[in-house]
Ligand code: OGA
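In structure tokens, one chain follows: the form predicted alone.
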């Protein structure tokens, strides 16, 4: 409890900015949710597992009706098991869990589950415009993307996340190292633009209700 209170006190202003952003525009972009050192740990964890050939081609649909369609998305993913986590993953979940606790305590969102995976978009890959919910499963409430690219990511590399607010101009978000994006899973359509150079690295996931 003491650790939770210390973390909460240190991060309340940041949490409140995220909440206010979500209420006002249904998404929030944060560049300091994790430190540079933490991002490096997450990136090294991703790359170590990628070198072990543990990633698989991503699919569309949920786990009851998934299918691989390279014309829709081209990334490779590895689901993160919170019960078998590396030290880096433990650190990631500690911060995410603290944020979830704050959301539930202050906004009564009822987040009870979460799921996260590593994602790699090689050069030439993309993910076409879509919504993060399914016909047979609407539990995803907030989508979360944390970028783990190693160096400053120039716009010429592509791989932007594009969010489409209803009735408004689309928002292009460059996948800068350490940047994390939260957005409403059931409301905002989005896409990943083609990666033109390098490999786009991230941890992607969802905060889920019952």
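Note that the structure is a prediction, hence the values are computed from the model and not measured. Numbering follows the first chain given and starts at 1.
This protein has a second form, the form predicted together with the ligand, left out of what is shown; the following refers to that one.
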item	value
In the predicted bound form, the residue from 99, 127, 92, 116 that sits within 4.5 Å of the ligand by heavy atoms	127
Any non-hydrogen atom of residue 46 within 4.5 angstroms of the ligand in the predicted bound form	no
In the predicted bound form, residue 148 touching the ligand (heavy atom, 4.5 Å)	no
In the predicted bound form, residue 161 touching the ligand (heavy atom, 4.5 Å)	yes
is_contact(residue 132, the ligand) in the predicted bound form, heavy atom dist at most 4.5 Å	yes
Non-hydrogen atom within 4.5 angstroms of the ligand in the predicted bound form for each of 141, 182 and 208	no
Members of 177-194 lying within 4.5 angstroms of the ligand, judged by heavy atom, in the predicted bound form	190, 192
